[in-house]
Each structure stands twice: as C-alpha cells, then as structure tokens.
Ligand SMILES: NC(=O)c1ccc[n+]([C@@H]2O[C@H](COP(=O)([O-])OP(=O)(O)OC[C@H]3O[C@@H](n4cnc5c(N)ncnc54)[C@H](OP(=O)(O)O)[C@@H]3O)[C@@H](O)[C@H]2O)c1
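Take a look at this single chain in structure tokens; it is the form predicted alone.
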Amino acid sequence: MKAIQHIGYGEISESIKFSEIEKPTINKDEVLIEIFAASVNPLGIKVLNGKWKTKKNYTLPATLGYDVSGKIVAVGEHVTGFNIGDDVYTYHNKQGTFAEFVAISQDNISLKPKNLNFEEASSLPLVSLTALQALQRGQLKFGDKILIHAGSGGVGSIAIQIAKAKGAYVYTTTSTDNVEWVKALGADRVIDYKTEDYKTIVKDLDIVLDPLGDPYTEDAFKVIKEGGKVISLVGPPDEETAKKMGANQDDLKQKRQKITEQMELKSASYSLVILKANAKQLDEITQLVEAQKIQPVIDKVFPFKDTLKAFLHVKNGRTKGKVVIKMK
C-alpha cells in the first residue's frame, strides 16, 4: 500500500517521501481501517524537525500521521462493538495514518459523527481530545472565566467551542484578520493581540489554557485569580507529569522555578497536558458534534498526492483551523 514516510531530518521536502509498504495485519483486539482522510498537525512538523530523535521506539523510516477517519474493513476476533463497514475516526498515538490502511486498537476508536464527512471528522481527534483533556484537567465548570490563547489554531478553535458548550465565559487571543470568524465560534471576548494587550483586559480568571509557551505560560499567572489554574500544552512538565515521564526532577525544577514562584504567590496550580488516546472522550466529542455544539474548523483540504504541500502549508503557521489530506 502507499504511505507517506519520514525518512530523515532536515528540510521537509527532503524528509518525507511516498513509499510502498506492506498492508498492516491486525491482532485480536484491533480493527483495520481503510483511510478516507487524515489531517496534518504542528506535532508532525516537530517530529520531522527531530523532536522524537531520542524516543527509543521511533526509528526511520516511519509512516506519519496521527488523525484518521475511514471505514472498518476487518476486525479482530476479540473486537466487540464495531463491525466491518462502520465509519470511524480516532487519534492514533503510534502514528501511521498517512497511508491507505491502518491497524488500531478497538479501545481507541469511536464511530464517526453522523453529521460530518470524512474530511471534517479527520480534523477533530487530536485537537478535540487535547482541548477536552486540558479543560478537564482545569476542572472547567459552568460560569468559569477562561482565557484560551491562539483561538484561530486547531486546538484553540475547538477549545473555545467546548468551553462555551460547558457554560464558561471565554476570552481568546488572535490576530486582526481572524477576529470576526473567531467571534463566530462563540468566544465572548476576542482580543486582537496586534492592537490590544490581553494582560490589561482580562483579570481574575479561573483558568488559562496556554498552547504557546514562554512568555505566555509565566504571564498567565498575572491574570488568574487567587487559586486559579494554568494549563499548558507546551510548558515544562509539572511535578506529577514529570514523574510519569520518568524525567530528571532536578533539571525540571530549575526550568519550573519562575512558574513555581508564581504558583506560590497566587496559591495557583499548574499542569502540563500530554495527549492520550481515549475512546470514551472521543465519544463525548461525537455527542457534542452531533448536538451541533462543536463544528470542525478546516483551513484547507489537499489530495493525498499533495501531502508535501500540506506539510509546508502547516509549517507556515498561518492556518485557520486544520489542514486535511483527502485519501479517497
């Protein structure tokens, strides 16, 4: 079968190629999905740039891609709840969705929302699970005030919608060109970072969702209330997460020093969210989509043959929502 594979580090045009690889086989707990659409994430760019060089289980060549939507064409003998012909979607934490077929555990997949096509569905798993897990880590509840940075990004655009569905008051930041369509996602106050300083507008927040990192991680503590929460997607690991990662605590304590000082001043909490595949949470996303409380935000759809162009488009960093690759 055809697949897009990571073959080396450096310029994107020299790092990926079309390959002919074996069609995957499934074990007793897996399903085989014929892929109709997949989507490109900034995480994929980081992988190409060498972020995963140190991972023991990551070897080249490696088939790229995390998000997928498609049709089940085979099921393992222990699979229950799914049948051949089901339309499904999922986040595949092992990569491998930029291909014609992929084998995935039944524990990680969900039925595709009935009101979405395959391209729309493939845009959701990584960003929607990231947003939901971040908001759950922050224990978001009805009436909370939250700042979600980068509202026009893949995670931000979905996090806004989930937060509004849960009854929060949502502030978000974006550039001038994106203000109106981010407002249309439901944000209560859209801050144009090119003309406004969010730190003079928001205060006493319950939660800040930070997908940007320094200095936004540290500055988040300036706008939360006493006992507020800062949830980061890119900052240094908090102590609990670092332990799970087996990271060197001494090194991380130094990296977290400023954050720790801010936490103590505000009696606040800080967490780094590391995405995990979760079918039950994806089922929750499906329910929100089918209830029309969440809608996918797609920047552009590329045919499979133009996957390189899709990567370069994402690398430019000016996308509104997600970039999708149409396989079928």
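Remember, predicted model here, so these are calculated numbers, not experimental data. Note that residue numbering begins at 1 and tracks the sequence as displayed.
The same protein also exists as the form predicted in complex with the named molecule; that form is not shown, yet it is the one meant from here on.
For the chain shown alone, residue 193 is a contact residue for the named molecule in the model of the complex, at least one non-hydrogen atom being within 4.5 angstroms.
The named molecule in the model of the complex is approached by residue 274, whose closest heavy atom lies within 4.5 angstroms of it. Proximity of residue 212 to the named molecule in the model of the complex: non-hydrogen atoms within 4.5 Å are present. The closest heavy atom approach of residue 159 to the named molecule in the model of the complex falls outside 4.5 Å. The stretch that touches the named molecule in the model of the complex, counting heavy atoms within 4.5 Å, is 168 to 176, out of 136 to 144, 168 to 176, 108 to 116, 236 to 244.
Contact with the named molecule in the model of the complex, defined as a heavy atom within 4.5 Å, holds for exactly one of 126, 102, 163, 121, namely 126.
For the candidate set 79, 185, 224, 150, a heavy atom within 4.5 Å of the named molecule in the model of the complex is found for exactly one residue, namely 150. Residues from 77 to 96 do not approach the named molecule in the model of the complex: none has a non-hydrogen atom within 4.5 Å of it.
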